[in-house]
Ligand code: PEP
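The data below hold one chain only, encoded as structure tokens and taken in the form predicted on its own.
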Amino acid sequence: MIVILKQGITPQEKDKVRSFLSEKGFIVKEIVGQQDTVLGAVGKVSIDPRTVELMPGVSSVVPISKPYKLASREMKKEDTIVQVGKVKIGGNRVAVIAGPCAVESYDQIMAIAESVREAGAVMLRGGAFKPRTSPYAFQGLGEEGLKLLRAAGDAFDMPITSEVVSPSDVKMMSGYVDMFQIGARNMQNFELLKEVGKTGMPVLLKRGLSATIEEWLMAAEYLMASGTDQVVLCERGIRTYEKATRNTLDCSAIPVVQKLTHLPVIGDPSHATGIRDMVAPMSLAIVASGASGVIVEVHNHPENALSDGPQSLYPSQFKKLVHDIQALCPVVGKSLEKIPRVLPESMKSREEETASPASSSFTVAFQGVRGAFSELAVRRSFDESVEVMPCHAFSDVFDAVSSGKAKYGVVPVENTLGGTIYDNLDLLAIHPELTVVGEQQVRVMHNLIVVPGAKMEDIRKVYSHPQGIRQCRAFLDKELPNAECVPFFDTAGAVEYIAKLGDKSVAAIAGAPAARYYGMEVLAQGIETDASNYTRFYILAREENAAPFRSQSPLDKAALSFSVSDEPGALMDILRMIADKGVNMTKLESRPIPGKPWEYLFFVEIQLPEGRERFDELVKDIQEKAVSCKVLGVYASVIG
């Protein structure tokens, strides 16, 4: 049952309810949600719900209909985010786990760990105990393999996961791994599930060879009932009549499971297909299905691999796959999970020990109200622990970061349909103390948002930013031809406004996060005319806060501003310098210089060339030729 507590419940009343349920034989878990705090009570006992409902501080009691109680959406409506070391799996992130099928030697695991870490993997996988179909096949190196895997994880600052096959190995393995892996053959090894669950550690639970979704979730229930709530489900293909692939990858299971459970789901395209050339397209299919990550096998010499060589990617193939996943993430409303690219031996300075945005809570400023697309860019770029500071104007964001009220700021700089946001280029020019430390891209998906219970025929007015109205004109003309379109200062602000009105005859056009935040209902999704609507955001910081953020991703882009003398060919000379250095210029804008009529500041974005020396030489050359020149930032083109 789910015991929904009153908002004003006292600690004493809560303890009394918890003690009562525990004494009756229930396993009790407290879940704090966005709206309510609940106690989940599961067990073999049965009592009259009214007995609990009459206790002080209890709002209501709701029975759980699903056989899997702790894993169900009825128990917990919000997504669970599983923490494995520095890595988080779930929510709006996509985590990439990679490594060899089996640990074979020190040199092998070190080489693979280095290559997958550099390419963008955030966790290292590797088998030490290998359950094989044939008793004569390589069975793994056992505890020695775990030692090598642990050494590689520590060397390249990645948490590790490995499969456990015997209940007797659980205690020993818990000293090496950060996450247990339960393989498909052991999904219903209930004694193993109980032992692993007792550790309370994160668990990656693979779907059985022929398991139904309910059987899969019941296996997760065994883990959770035994003591862990950190469970990641893994779809790895099921056995069907098809022989062309190793298994049949059931991508349709991913959205189904996400409706049934709050646990994150990832996919294993390597075991699903068994064919190297199919791993990349199936990885993208898994992400497109809404999964929170993929676990991929990579080997530096797959032709010589002792286990599953034909399905293991070469490091170069894996690197391309991560880039493709990163490009796909904004389309499905997610971002690629990243951890700081800092090796342990270089983590001893005070700056780097306190550096990672994911390890501490701080404030990030953005323009707009809560639920705005700018806040979505914040959530894609930073950990959930950050505090957000909504600001009325773009200038307020710059002032907040400059004054130290916010550690970082997020501002839009360009939209694929609307073009450059010139206000923020101008503000960059007058805030020399700030630098660009990262870039985030958000797909702008518009939705028709209404008061809960409203229907299309009820709507008489639609509020949104003028751009939002313009970008959804085809939908409005077809579905709401008689509704009045009312311009509003902000898309999310329009949702806040209709929430206060509580009127079923009004609607707003905005993103889904705004609907969730203000408790409104999405009546129609993706109503924009052009689906290729993306906004590019800059992440800003003072220079002293720049290094921690930049450490998260490889730096591949730079922004500069410069002015030139008023003479023929002055601008061409600068552009020629950029071309002569073999540097690709991706953007060029001119902005008037305040107080200097008909004089302009040129804004340029470039791709960083291989080797930082060439970029430094280019900046020096421009500074010698231009009237003024400033590096606005060196950063990763897409964070996450």
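Keep in mind that what you see is a predicted model, and the values were worked out from it rather than measured. Numbering starts at 1 and runs along the sequence shown.
If you look for the form predicted together with phosphoenolpyruvate (PEP), you will not find it shown, but the lines that follow are about it.
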{"property": "Phosphoenolpyruvate (PEP) contact in the predicted bound form: K198, any heavy atom under 4.5 Å", "result": "no"}
{"property": "R125: touches phosphoenolpyruvate (PEP) in the predicted bound form, heavy atom cutoff 4.5 angstroms", "result": "yes"}
{"property": "Residue contact check: R150 to phosphoenolpyruvate (PEP) in the predicted bound form, 4.5 Å heavy atom", "result": "no"}
{"property": "Phosphoenolpyruvate (PEP) contact at T435 in the predicted bound form, heavy atom, 4.5 Å", "result": "no"}
{"property": "All of C101, A184 and R236 within 4.5 Å of phosphoenolpyruvate (PEP) in the predicted bound form, heavy atom check", "result": "yes"}
{"property": "Which of 396-404, 254-262, 176-184, 322-330 lines the interface with phosphoenolpyruvate (PEP) in the predicted bound form (heavy atom within 4.5 Å)", "result": "176-184"}
{"property": "Answer option from R550, H465, K334, H271, heavy atom within 4.5 Å of phosphoenolpyruvate (PEP) in the predicted bound form", "result": "H271"}
{"property": "Of K206, K76, R380, R117, the one that lies within 4.5 Å of phosphoenolpyruvate (PEP) in the predicted bound form (heavy atoms)", "result": "K206"}
{"property": "Residues within stretch 140-169 having a non-hydrogen atom within 4.5 Å of phosphoenolpyruvate (PEP) in the predicted bound form", "result": "E163"}
